[in-house]
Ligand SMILES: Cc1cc2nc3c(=O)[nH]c(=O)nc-3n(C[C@H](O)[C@H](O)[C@H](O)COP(=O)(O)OP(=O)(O)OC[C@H]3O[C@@H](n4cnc5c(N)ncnc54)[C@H](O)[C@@H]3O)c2cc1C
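First comes one chain, alone, set out as structure tokens in the form predicted alone.
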């Protein structure tokens, strides 16, 4: 098949925060770098991250340090985290934020000129460095501006279809450009996957169209292991009205600035259910919660700033028990602070400019006077490619992963803001170690049969055009999303997950008849057809992993097994391709934590 071939020492797939940071570091090490992005450069989903970057800078509260951040991350992840990644993340995040500042990021400031930090769910102290509620956009702008001077080739609007291997190591990748449909062959000594999440496997999601599980599926198909795929995070607050914007994120920063959750009766229901392990850190009254958001060091945080999994389930409970808002959510009220704060309207517009304009333009609501209707939305997956904590290399030699498509750091539940510092810390490490790997290993040969087979598979939907039993890729994706939302959503049971697996098998059989009309240029139907295989892979991995974990922990809640078990903290669920081509599920023991880190957790309980 005709294709364009290019060669790089390091190929980075994904141009969000993790991919850009990896490319910068690899290029700085002297490697020839290629950067592939599914969309246009600058439109990565990282720009939608609003609340801030979690790093123990201690600019607002000098009691904060890496030890407290480490303990918070492990507690939030319910101790199935990769403790080495959690340690490195907590130690290195401050340096990565200061580095970003040195490269030109314009953070909000304290009165004495230091980087301002805000409260966020699960964090003991104000820890999120932010730029209003547009932090991700500022991060991408800064990384791009810095990265263009490092010397790298950018391949925009290009989708990778398969990783190419030789002798048990990665050798490159094969894909196509989305505009013309021409095939691309990328030869590379090392590959970094930074493709983000799987949100488009669900009907209601805050994720952009690119999030179809590409990196997870590419790694799995190439022979790498996936881990913790049962842990899907449903952000408590997405827009619920109007229907055209259902699921769009409402940043946790609203609650960090004093926003409260109320049901249809006007009651702050989050006070009804506070987990025992957070009770000592949670405000006992509305007055104390307000003082916390205003910087009172002696006050405890409001219950709206508990971990996302808990808040999402509390919202779902209110809706199911008939105390929800008219459109199936609850009310997030920041307007109430007008009662206590002079100039509150201007304060809200200054602190939350994107939220103010988002609701004004999309829902016709002024959040300075009117509560928002919000509800849980599929937001993030803690699971991903199993990697080494120090180098970020997967179980396939030469293949690295960073950001949301890599597992380990967040355990069973990610704390807000840890995602952006994750991108910086482990994007840097992945790029550094990928460049070192590339320098130590010669290029691997790529057999023409691999390339031809990949091209043939990509073109099969055209061969079925006009067939009487042809299936629409859009219909299949819609049915998949509905099934995952209903059967493997916020609350799960064994019966639901088994129905999901049966449904997935049926959808896969129908997918063998997917057909598209026309030609390869400007053909979104073809793009949708090619995304289906990845969506099936990650959906099956989520369902099988969730079935294997017979307890509730973090983002994985089973209505038929609602309690945590002691055994559950001792293993990670891993999926890999079996010898027969089917998905194999195994349990891998959680690595024992060094005594000095256990003492850090005990000291910050």
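Quick caveat, the model's predicted, so the values are computed rather than measured. Numbering follows the first chain given and starts at 1.
Another form exists, predicted in complex with the ligand; not displayed. Remarks below refer to it.
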Hey, with the ligand in the model of the complex, do 15, 50 and 194 all fall inside the 4.5 Å heavy atom range? yes
Choose from 333 to 341, 99 to 107, 297 to 305, 413 to 421 the stretch whose residues reach within 4.5 Å of the ligand in the model of the complex, heavy atoms counted. 413 to 421
Give me the residue from 403, 431, 383, 256 that has a heavy atom within 4.5 Å of the ligand in the model of the complex. 403
Just one of 552, 39, 59, 32 has a heavy atom within 4.5 Å of the ligand in the model of the complex. Which one? 39
Flag residue 207 as yes or no: does it have a non-hydrogen atom within 4.5 angstroms of any non-hydrogen atom of the ligand in the model of the complex? yes
Close approach of residue 379 to the ligand in the model of the complex, 4.5 Å, heavy atom: yes
Heavy atom to heavy atom, is residue 44 within 4.5 Å of the ligand in the model of the complex? yes
Tell me, yes or no, whether residue 211 is in contact with the ligand in the model of the complex, where a contact means a heavy atom of each within 4.5 Å. yes
When the ligand is considered in the model of the complex, the residues of 141 to 169 having a heavy atom within 4.5 Å of it are 158, 159, 160
